[in-house]
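Shown next as structure tokens: one chain only, the form predicted alone.
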């Protein structure tokens, strides 16, 4: 009887799946309006819409939990999707109580973008290289102020890597985003910030902050003079701030594949690639923008960050 009902359900759903989508799709950006995740999501929405034949509407919902929670509870029909960053993986450990189970509440559709992090300091901070910066951090410990944009932010995760590599505990100052942190750094009241190159490069080029390393495997074309953290002797400070596209768990596989195919097509668009390049953000290769790869990648990232977060004792309710 159950087999007959399942077959009947598939037969009835078939025409609807073949016509998907029949109306506009909402992309929930898990970040504040105007922030990096919102910006990436809007570029993606513009590029995906022609490949789906429907409007793609962006709704920015700030906070580490609210946006993902909205999508986790949405009807699994492919019309409400999530774009989230590396905080998606970190939140599985950072928050003691979440209204959803990160690896099981979502259907990952593919990676959207990857961007390197930069380690910068205020002018005058002791160098002359990243090793010197790390030595100062180790020697002075909590007398050093280091910025964070919140417990699940990429800047905070990178700060954990930096402190662990230095064998020191800085005084972490939490800001509402990294823009005010850079303002504090330029005034001399903040010592160290680890933030994505998208945000720091304009200030680096104006000599208002000093770069010491980039977390990518290779030097950035926009900052060829800045060594990678591996070149500087700290290979453990390797990470990217990435964004991924998600549907609610239980979304039909045919709908998932339709959305994932539209994502891959959008990432091939020259206009999107130019806009990402302007943000010093990389477009993942096509193999990384699939449901299978992203499902594995998310679980690997959860496993990677769990011991780092637990060792730092950073948890939130």
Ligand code: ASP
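Positions refer to the first chain, counted from 1. Keep in mind that this is a model prediction, so the values were computed, not measured.
If you look for the form predicted in complex with the ligand, you will not find it shown, but the lines that follow are about it.
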Q. Is residue 69 close enough to touch the ligand in the predicted bound form, meaning at least one heavy atom pair within 4.5 Å?
A. no
- Indicate whether residue 32 is a 4.5 Å heavy atom neighbour of the ligand in the predicted bound form. yes
### Query
Can any non-hydrogen atom of residue 177 be found within 4.5 angstroms of the ligand in the predicted bound form?
yes
In the predicted bound form, residue 36 touching the ligand (heavy atom, 4.5 Å) = yes
TL;DR on 136 to 144, 207 to 215, 69 to 77, 154 to 162: the one with heavy atoms within 4.5 Å of the ligand in the predicted bound form is 154 to 162
Partner-free chain; cross-checking the ligand in the predicted bound form, the single residue of 130, 190, 149, 115 with a heavy atom within 4.5 Å is 149
From 198, 121, 85, 91: within 4.5 Å of the ligand in the predicted bound form by heavy atoms is 85
